[in-house]
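Taking the form predicted on its own, here's one chain by itself in structure tokens.
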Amino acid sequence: MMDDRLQTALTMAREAGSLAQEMRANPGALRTQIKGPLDLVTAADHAVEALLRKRILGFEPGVAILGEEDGLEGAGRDVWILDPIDGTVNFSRGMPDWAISIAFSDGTEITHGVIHAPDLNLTAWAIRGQGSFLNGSRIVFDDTQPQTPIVALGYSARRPVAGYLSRIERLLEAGVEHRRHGAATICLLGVLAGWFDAFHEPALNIWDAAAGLLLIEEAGGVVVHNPLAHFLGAPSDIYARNRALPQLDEILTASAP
């Protein structure tokens, strides 16, 4: 059952998706800049985050907001967590693997989450304790073993590449395929949709993961990350999976030699 907070998040996620698509249709308006290693920012990222902040403050004046582009504004335990466009490189190149991520935390846990992937026509949402939904259908993981296990992997320049390569090697040795999409939201959405059985990325920021982790957890999956109080201020290694393959835990979370 949706509450006002979730309905607000869904409405503004769809509005933000339309804005991003409109801006991308005019490449001269994107004004792409390099933000860091393997990382870009566009005018659309800033415009979408500004729109989301405006809508949130109109719904809940004075609440704290943590966004990728403009950081933390406001104070208090309650905080909205925003990634205006996750997968900016994909977005800027015309690929469909990008999404808007909106989450809400009461300071103790993530309670609301929305991922909206406009080019894929996919929207997922969850409220803690009320299940996880994808395009209106409730998702509940079962124990069915996949014939061809697939894991989504992310890479972070904050960690040595050896760990990423070692993870791939262990997966291949175990007969498990891997994919890299360049957007954590899409990978987490993929676990929910059944495209992947698990997702791992080191040193991920909370705005990339907050909504998706709640989606996986509410579908009955397993999520591993640093405690929320730490995660709100610093990147965390992320691991999320469905119920079917607990044997992936050791493969994906083991340290590189």
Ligand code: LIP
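The model shown is predicted, which means the values in this text are computed figures rather than measured ones. Residue numbers here begin at 1 and follow the sequence given.
This protein has a second form, the form predicted in complex with the ligand, left out of what is shown; the following refers to that one.
- Proximity of A184 to the ligand in the predicted bound form falls within the 4.5 Å heavy atom cutoff.
- Taking the partner from the other structure, the ligand in the predicted bound form has no heavy atom within 4.5 Å of any heavy atom of F141.
- When contacts are judged by a 4.5 Å heavy atom cut-off, P118 does not count as touching the ligand in the predicted bound form.
- Proximity of T88 to the ligand in the predicted bound form: non-hydrogen atoms within 4.5 Å are present.
- Of the residues given (D197, E49, E201, E218), E201 alone sits with a heavy atom within 4.5 Å of the ligand in the predicted bound form.
- The stretch that touches the ligand in the predicted bound form, counting heavy atoms within 4.5 Å, is 79-87, out of 170-178, 102-110, 122-130, 79-87.
- Contacts of stretch 143-157 with the ligand in the predicted bound form, defined by any heavy atom lying within 4.5 Å, are made by Y155 alone.
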